[in-house]
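Presented below, as structure tokens, is a lone chain in the form predicted on its own.
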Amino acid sequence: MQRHIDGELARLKEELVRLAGLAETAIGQSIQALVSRDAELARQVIASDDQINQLEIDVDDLCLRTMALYQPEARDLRMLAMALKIVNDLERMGDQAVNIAERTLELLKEPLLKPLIDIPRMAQLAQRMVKDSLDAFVQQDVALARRVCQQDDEVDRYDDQMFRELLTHMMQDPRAITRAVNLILVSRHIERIADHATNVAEDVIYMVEGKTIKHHASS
């Protein structure tokens, strides 16, 4: 028998996918703005954050209203609780995209320090993690969620590599310090996006299996 709450849960999933799409777009555009040195695109990313913030509020309201009106069963309640956490991670991904766009505007004030090779690769991996983590949520796919968690280590390695490389630039040429620091921050923002995607994946595993895997994702 169709329950009234099922329609609300389906709508919630749709809104989360929509929010994830906005976050993915913002992330992709922020990296595109960096690589193509496009100030106007960077400003568009910054401006788009209002839409992401509003959708976060709307999804929060939907979760709380569903809890209040439909007296969800234990499994439904767990999904709603996880959705409240996931929406926060998605909003923070949007914030990180804005941070990248802001660093881009600073970097455009000076010539390019070095060819951007690893940052786009790192960003592509983080974007895939974002998409896969939401697919895992919608499909309740634990195997996919675990793969997302495992990919976080690869993003961390990129971040460490970028830091070491840019530190070398700063030591060799003090004039490169400002640009190098901004690129280090971009790398760190991408690493944070991957962390948020990992949070989502961990929440999926908890939602489906009732098992907390934070800090030991391979278990």
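Predicted model only: the values in this text are computed from it and were never measured. Residue positions are given as counts along the sequence shown, with the first one as 1.
Not pictured, yet referred to below: the form predicted together with a further copy of the same chain.
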Touches a further copy of the same chain in the model of the complex: residue 163 (any heavy atom, 4.5 Å): yes
If you check in the model of the complex, is residue 135 within 4.5 Å of a further copy of the same chain, heavy atoms only? no
Taking a further copy of the same chain as it sits in the model of the complex, is residue 71 near enough to touch it, meaning that at least one heavy atom pair lies within 4.5 angstroms? yes
Heavy atom of residue 25 within 4.5 Å of a further copy of the same chain in the model of the complex: no
Taking 174, 185 and 188 as a possible spot, do all three reach a further copy of the same chain in the model of the complex with a heavy atom inside 4.5 Å? yes
Contact assignment for a further copy of the same chain in the model of the complex, among 36, 44, 178, 150, heavy atom within 4.5 Å: 178
In the model of the complex, the one of 87, 129, 107, 122 near a further copy of the same chain [non-hydrogen atom within 4.5 angstroms]: 87
Across 56-71, the residues having a non-hydrogen atom within 4.5 Å of a further copy of the same chain in the model of the complex turn out to be 56, 57, 60, 61, 64, 67, 68, 71
